[in-house]
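The form predicted alone is given below as one chain in structure tokens.
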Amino acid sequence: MNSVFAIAGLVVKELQRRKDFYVLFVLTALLTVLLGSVSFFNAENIARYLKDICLLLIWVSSLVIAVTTTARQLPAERENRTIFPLLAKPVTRGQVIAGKFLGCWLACGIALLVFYLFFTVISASREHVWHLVPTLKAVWMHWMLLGVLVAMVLFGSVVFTAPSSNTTICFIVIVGILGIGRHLHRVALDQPEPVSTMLSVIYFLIPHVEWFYLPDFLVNDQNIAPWTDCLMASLYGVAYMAAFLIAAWMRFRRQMLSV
């Protein structure tokens, strides 16, 4: 485990050195503050609109950070030839996969804490109420979703040769799941065979990340599901993380690493 934590620490330090997070956070803060200062919103609804905008920017920024950070990990190791001394320490390929995943997931968690701290301050400044428990649940569920996404992108990085293709495909997949994935089962009911069966199989195989999407509850001040339900959803997410990581490890251990 020391090797896994060491690799994870390097990934977190990499996020701190790169400008991606800082640019996205500053952009999110500026857009939120600027849109909150305009006067064409109804004064009674401005807090809700402001929270909606801020959460949308947070979700977009977090997805960009998770996908781009993860997609470049293994290809960068190959390109810089650092994968060879890393595996000669000795570090197994499974430890490399686990360390890269843990590092990217922790880096995403740190970024989420900063983003949601800003969101909490902004919403409290408008509503004069601190919704700490609902926000904490939203942060946790958001982090679990990013864990599934990080594992999926890490698997893609051992399947696709270029980080750009991996990033593009993963973005399309996650947007597709959030947009139409939840409706596939109902669409399948109106389709002829074998299309109906194929859509149903896809519906039950894909990770339903929309279960982790809670901004609407925060915007409308609705009660979020109890912690027991959040725990069940978290176990669901952990199962998909494990599946993607095992698939990535099985693929990575069979790959030939050319000098």
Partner chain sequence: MENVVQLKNLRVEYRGRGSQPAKLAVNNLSLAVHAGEVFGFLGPNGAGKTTTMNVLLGFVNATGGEARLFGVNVRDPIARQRIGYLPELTYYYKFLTAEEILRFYAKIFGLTQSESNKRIEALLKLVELTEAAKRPIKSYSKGMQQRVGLAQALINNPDLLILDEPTSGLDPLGRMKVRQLIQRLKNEGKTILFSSHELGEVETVCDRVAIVDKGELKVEGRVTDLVAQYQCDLEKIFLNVVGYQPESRS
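All figures in this text were calculated on a predicted structure; none of them were measured in a lab. Numbering follows the first chain given and starts at 1.
The form predicted in complex with the partner chain is left out here; the points below concern that form.
Student: Candidate spot 52, 62 and 137, all three in 4.5 Å heavy atom range of the partner chain in the predicted bound form?
Tutor: Answer is no for this spot.
Student: Is residue 81 close enough to touch the partner chain in the predicted bound form, meaning at least one heavy atom pair within 4.5 Å?
Tutor: So residue 81 counts as contacting the partner chain.
Student: So, residue 86 and the partner chain: in the predicted bound form, are they within 4.5 Å at any heavy atom pair?
Tutor: The answer is yes: residue 86 has a heavy atom within 4.5 Å of the partner chain.
Student: Does the 4.5 Å heavy atom contact test between residue 92 and the partner chain in the predicted bound form come out positive?
Tutor: Taking the distances in the predicted bound form, the answer for residue 92 is yes, it comes within 4.5 Å of the partner chain.
Student: How about residue 243: is it within 4.5 Å of the partner chain in the predicted bound form, going by heavy atoms?
Tutor: Answer no; every heavy atom of residue 243 is more than 4.5 Å from the partner chain in the predicted bound form.
Student: Consider the chain as shown here, without its partner, and state which of 238, 250, 10, 23 has a heavy atom within 4.5 Å of the partner chain in the predicted bound form.
Tutor: Exactly one listed residue reaches within 4.5 Å, namely 10.
Student: Heavy atom within 4.5 Å of the partner chain in the predicted bound form: which residues of 241-256 meet that condition, in order?
Tutor: In sequence order, 253, 254, 255, 256 come within 4.5 Å of the partner.
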